[in-house]
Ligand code: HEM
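In structure tokens, one chain follows: the form predicted on its own.
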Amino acid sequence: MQNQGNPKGRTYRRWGVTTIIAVYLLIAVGGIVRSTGSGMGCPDWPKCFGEYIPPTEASALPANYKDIYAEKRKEKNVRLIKYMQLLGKDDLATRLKNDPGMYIEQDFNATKTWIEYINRLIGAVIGLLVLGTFVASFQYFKTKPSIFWLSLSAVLLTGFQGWIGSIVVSTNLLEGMITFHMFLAILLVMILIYTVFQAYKTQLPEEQMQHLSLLKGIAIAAFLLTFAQTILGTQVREMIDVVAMRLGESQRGAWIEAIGLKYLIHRSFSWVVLVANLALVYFIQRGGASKLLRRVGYSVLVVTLIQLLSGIGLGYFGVPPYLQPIHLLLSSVMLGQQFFVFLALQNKRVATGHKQPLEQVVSI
């Protein structure tokens, strides 16, 4: 089989799988940043309080550090406002210009600063991993050019994601920018999954399974429903920040109720996602899929159920901080699983009773 014994092919696949895992780790850490309120732990970007290694005590900062970094954000936002006006986003430009809350500086908190700093360090490592994956894709330039070009797009998207991260900081966690930041992370994962799958596809079994067209439709529907639910959940999370600032930590149990309709839609929609994933898993198991795909199907069901339970915990136990990153991570993992299922089905190489060992299929 092509590339199966090729050390270069193995190198690319190892880089790719490692990078996918690392991006999921970054999503989890990003959830921790949000749940601990550490998003502005570093008031500037890419440095943190003007240093590559942030301080551990407020005494290491100038007495007027709040004014200093508020002014720096204003200068950066002046350039951003010009970009928005050139793009025809006059409403957003006006909001950036006139929102005084955008320049409210938090008191220095060493824990929050280092949580955000570690988040950035992991992001930098992922940037190097994405770059390494791209370098490893050179071998496919002539044989499978899509792998090369998509690996390049992952590098460019990672750079763009970093720039958006700087805007998130300069706008003091502007509502909508965080959702867009999350969308880009999901898009990066999907690109990486697709490119790595293309490197593996010749190692997958070649027989088609039953109900293939129906199952493709269910897989697409499940993915789109989960994606919509994830974006809606990110918006709910943004609203929690607003409510938390208004009500305070002492009223944590009332945060969810104060969000209102959008949370109720998000909660109810989770049952739609559950039904879609149950249908997906049912037809995978009944359609004669390969052992690998059946296992992926079971994992989709497990992740869906844990995700549902974590959402219930968030709703009924006052939004516990430890559940928030778990809830976010599981949504992203579920999307990756569903996308893999669709790719396997679209590839038309999923087996019914194929004798190829599972270990050979998943070997890196």
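Please read these numbers as outputs of a predicted model, since none were measured by experiment. Sequential numbering from 1, following the sequence displayed.
Not pictured, yet referred to below: the form predicted in complex with the named molecule.
Engineer: Verify the flagged residues 233, 237 and 314 against the named molecule in the model of the complex: is each one within 4.5 Å by a non-hydrogen atom?
Structural biologist: Judged in the model of the complex, 233, 237 and 314 all sit within 4.5 Å of the named molecule.
Engineer: Within 4.5 angstroms, counting heavy atoms, which one of the listed stretches 291-299, 48-56, 304-312, 64-72 is next to the named molecule in the model of the complex?
Structural biologist: It is the stretch 304-312.
Engineer: Hey, in the model of the complex, does residue 324 get a heavy atom within 4.5 angstroms of the named molecule?
Structural biologist: Yes.
Engineer: Look up in the model of the complex whether residue 42 has a non-hydrogen atom within 4.5 angstroms of the named molecule, and give yes or no.
Structural biologist: Close contact is absent here: in the model of the complex, residue 42 is far from the named molecule, nothing within 4.5 Å, heavy atoms only.
Engineer: Spell out, yes or no, whether the shortest heavy atom distance between residue 131 and the named molecule in the model of the complex is within 4.5 Å.
Structural biologist: No, residue 131 stays farther than 4.5 Å from the named molecule in the model of the complex.
Engineer: Indicate whether residue 337 is a 4.5 Å heavy atom neighbour of the named molecule in the model of the complex.
Structural biologist: Residue-level check for residue 337: no, no contact with the named molecule.
Engineer: Ok, 109, 119, 161, 270: which has a heavy atom sitting within 4.5 Å of the named molecule in the model of the complex?
Structural biologist: Here the answer is residue option 270.
Engineer: So the named molecule isn't shown here. In the model of the complex, which residue out of 266, 211, 76, 144 has a non-hydrogen atom within 4.5 Å of it?
Structural biologist: Checked against the cut-off, the match is 266.
Engineer: Relative to the named molecule in the model of the complex, which residues of 22-42 have a heavy atom no more than 4.5 Å away?
Structural biologist: Contacting residue: only 34.
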